[in-house]
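Given as structure tokens, the chain that follows is alone and in the form predicted alone.
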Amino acid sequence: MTSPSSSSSPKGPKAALADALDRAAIDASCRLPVLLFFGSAIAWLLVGSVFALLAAIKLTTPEFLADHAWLTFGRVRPAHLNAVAYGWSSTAAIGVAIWLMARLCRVPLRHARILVAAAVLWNLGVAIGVTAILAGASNAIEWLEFPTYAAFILFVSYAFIAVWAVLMFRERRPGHVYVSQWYIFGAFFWFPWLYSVVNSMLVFWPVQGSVQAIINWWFGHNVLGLWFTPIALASTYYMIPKILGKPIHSYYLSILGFWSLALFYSWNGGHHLLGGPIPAWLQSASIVASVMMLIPVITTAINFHMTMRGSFALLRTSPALRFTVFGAMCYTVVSAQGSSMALRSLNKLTHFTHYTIGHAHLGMYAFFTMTMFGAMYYITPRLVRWEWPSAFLIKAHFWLASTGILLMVVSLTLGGLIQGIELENPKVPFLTIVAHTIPWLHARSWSGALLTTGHLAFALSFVLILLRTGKQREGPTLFTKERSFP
């Protein structure tokens, strides 16, 4: 397979210059819509971080801001979830996908006005939805708390993006269709399917009884695996070969990884209802599908590791590579953990505990968000035509984010295991169990403070590069001066 970063044969100076000019033209055409998505995503990341800190503090200090109805835990927590899921994560993912599509189609971005309109509508929908949640107008369905009118705006915005993607692919330059494009098109197909089905069955024409829980968990699990995961993997499949300047290790492993993800992930979600009033065959099918997810995870991990082999030293220099590889490694860990959580013996212990919350953060932040950070560190200088002004801010962002998320995951995982063991023991009073979780929740609050500080450093870097501050650099901003990258 020929990677998007390299060619099977060396190119002459004229061909290399022509390719560089083509890339510059593509990047220039992407500038407005992609920066609009990136900027709004970072703004929502900061908003979501504030809500996350408030929710974490309220878990250990319930009286904090208790006199303000808009800031009660029952409103702040879903506001955080939706601001991060639809404000930060989805918006950043769309921005990265737009740039990748233009680069991999090898033609300047067409129909930019469609994307600008989509960005405006998407952010309007998220703003209305988050405000409605704080005002008490939530749907009270996890991942679907936005009221109908806000969800409709999101769906219209997404329709614009889907139409653009089809038009862009039709106008691509003839040639190879890269693995990153498979994942992007998969995500662009799966998300409207998921979002329309779940809104139809839980909001517009709600099903009855325990089927509601089945549909809710099916959506909550699959929006992670069939929307966020494919775009993060698309970015990783592009960034690692591109930065290293060599093709991906195996074309056939990438095929196996993509199709096994598509086949098995859609059956996931039911294992979160083990022991509940749902059909036994559905629980068993979900367990099997969760374990079978080891196939795409292992093949993808092998592909990334073998591509990186001999080049791990470059993690000391490239910010984009370091964030991306951190995310890729966490993808392997969180997926293996997810498969183990589907097993009845472990599920019985960890369900309804903070262990599950730690697992969710390992996937959405350590894997997805860190991968998006890496992509944005690579893409933004090419759009602005200016390098990141401060290597110190990038270092601070990485270490604050990585330390913060690891502290959060470890504290919630260990605290959740202890919580589960004590819940299994009828001799331990429930209030004692609650008291034993408080130190772990304090650690979670401190981890949130670290993450928020890292987000502020990232936001400051983004503003500085948009303003083109500092001296113009001859090469990319690196952690060290050991090597510069093309």
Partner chain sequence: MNRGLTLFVGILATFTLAWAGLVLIPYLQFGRVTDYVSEETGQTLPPPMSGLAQRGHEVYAAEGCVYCHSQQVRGESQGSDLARGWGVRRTVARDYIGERPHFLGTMRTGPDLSNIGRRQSSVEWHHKHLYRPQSVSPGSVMPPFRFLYSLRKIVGEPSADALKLDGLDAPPPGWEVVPTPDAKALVAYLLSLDRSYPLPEAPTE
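None of the values given here were measured: they were computed from a predicted structure. Positions refer to the first chain, counted from 1.
The protein also exists as the form predicted in complex with its partner chain; that form is not presented, and the subsequent description refers to it.
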Give a yes or no for F160: in the predicted complex, does one of its heavy atoms lie within 4.5 Å of a heavy atom belonging to its partner chain?
-> no
Please run the contact check for L59 against its partner chain in the predicted complex: heavy atoms, 4.5 angstroms, yes or no?
-> yes
So in the predicted complex, does any heavy atom of W259 sit within 4.5 Å of its partner chain?
-> yes
Contact of H442 with its partner chain in the predicted complex (heavy atom, 4.5 Å) | no
Residues D67, L273 and H354 all lining its partner chain in the predicted complex, heavy atom within 4.5 Å = yes
Considering its partner chain in the predicted complex, which of M308, A127, I141, A112 comes within 4.5 Å of it through any heavy atom?
-> I141
Assert contact residue (its partner chain, in the predicted complex, non-hydrogen atom within 4.5 Å, options I214, V297, V84, L121) equals I214
Contact segment among 277 to 285, 401 to 409, 112 to 120, 362 to 370, judged by heavy atoms lying within 4.5 Å of its partner chain in the predicted complex | 277 to 285
What residues in 299 to 336 sit within 4.5 Å of its partner chain in the predicted complex, counting heavy atoms only?
-> none
